[in-house]
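The chain below stands alone and is given as structure tokens, in the form predicted on its own.
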Amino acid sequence: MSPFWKSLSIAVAAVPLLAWAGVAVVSAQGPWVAPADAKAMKNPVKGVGNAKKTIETNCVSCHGASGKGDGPAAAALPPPKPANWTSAAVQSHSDGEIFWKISNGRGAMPPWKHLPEQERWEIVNYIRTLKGK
């Protein structure tokens, strides 16, 4: 089992125990804000390439098939929950912000820096196709 899935399993197992004990499960991470230089990054890639396949392999379990943050693993994750890529909040982020978040991860969202840069930009482009869906 990879370290990510192992830590996710432990975190998921802890949530019901904390709830049972009467402890509120609240994220102390606060808003997820990309640095200014990331916000200003320009997307050098046109089109979505193989982003749909990459997302089906790596993202759907949490973000869901339609990108609404409702994947089968989402309910068991502690806050913050997976982002709804179709939402106005996500769509209002710059391409650079989304790219930075994909690259760096936070909480249960792993960093995806091991994916080639082009693939990460294609994911950004794919997320843009979900606007208002």
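Note that residue numbering follows the sequence shown and begins at 1. Bear in mind that the values here come from a model prediction, so they are computed numbers and not experimental data.
This next part talks about the form predicted in complex with a small molecule, which is not shown.
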Using a 4.5 Å heavy atom cut-off, state whether Lys68 contacts the small molecule in the model of the complex.
-> no
Heavy atoms within 4.5 Å of the small molecule in the model of the complex: does Asn43 have any?
-> no
With the partner left out of view, is Gly96 within 4.5 angstroms of the small molecule in the model of the complex by any non-hydrogen atom?
-> no
Taking heavy atoms and a 4.5 Å cut-off, does Ala38 contact the small molecule in the model of the complex?
-> no
Looking at the small molecule in the model of the complex, is some heavy atom of each of Ser61, Trp85 and Val90 within 4.5 Å of it?
-> yes
